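First, one chain by itself: the form predicted alone, in structure tokens.
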Amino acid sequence: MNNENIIEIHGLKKSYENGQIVALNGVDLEIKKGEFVSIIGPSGSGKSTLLNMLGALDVADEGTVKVAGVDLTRTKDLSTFRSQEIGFVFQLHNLIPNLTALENVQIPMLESPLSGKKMEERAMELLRSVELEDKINQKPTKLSGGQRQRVAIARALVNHPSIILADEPTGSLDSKTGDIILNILKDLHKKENVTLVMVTHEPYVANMAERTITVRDGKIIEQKAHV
């Protein structure tokens, strides 16, 4: 981690249904390059909306969202930004069922200038790093929940993103498998020098990060560093 901010949010507001549901109500947040941050809060607190804002999956009503040097409130081409800078890991892995693990990991690279051979090499490298080299030709239906989530992590890293956004990555897994996934994320965060922002509702999971941000009623109510 260094002292340069990779995420800067100021006065962020977001509501839905003509203002009846206030998801974010004046959020200010800075995250350093290479930092591992968890965002915790009860259901409906605004934590997933905040993550969606960071990943350019939603747009602000008010305020500024600057990620990896890009002002998302002014950028028209959000899809290019997402493919180049952000890797997503969701609670439900969102793999394509009729493709193999290797093919699923290669999908984000299809718009890149890489050759087919280079894409396959990068996908293989990441599947090895999550200990799935023996499952590369298996389709998701033949994999366990933990294995599917490992494929999703490999896919998230394939384009060398500067930020990984993980939304409840262990939410659908048993505790033992969840621990394996968390340790893989932590190891890859260090090895790939990537900024990791993880949403969770479990304090135990949140405490694995370097810093925990607590969100309630659309506001950040506490920030706590872990030694």
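Being a predicted model, the structure only gives us computed values, none of them experimental. Heads up: residue numbers just count along the shown sequence, starting at 1.
Not pictured, yet referred to below: the form predicted in complex with a small molecule.
Asks: So, in the predicted complex, is Ser43 in contact with the small molecule at a 4.5 angstroms heavy atom limit?
Replies: Flag for Ser43 set to yes.
Asks: Can Thr49 be called a contact residue for the small molecule in the predicted complex at 4.5 Å between heavy atoms?
Replies: Thr49: yes, in contact with the small molecule in the predicted complex.
Asks: Heavy atoms within 4.5 Å of the small molecule in the predicted complex: does Tyr204 have any?
Replies: Although the small molecule is absent here, Tyr204 would stay clear of it in the predicted complex, with no heavy atoms inside 4.5 Å.
Asks: Considering only heavy atoms, tell me if Leu12 and the small molecule come within 4.5 Å of each other in the predicted complex.
Replies: No, Leu12 sits far enough from the small molecule in the predicted complex that none of its heavy atoms falls within 4.5 Å.
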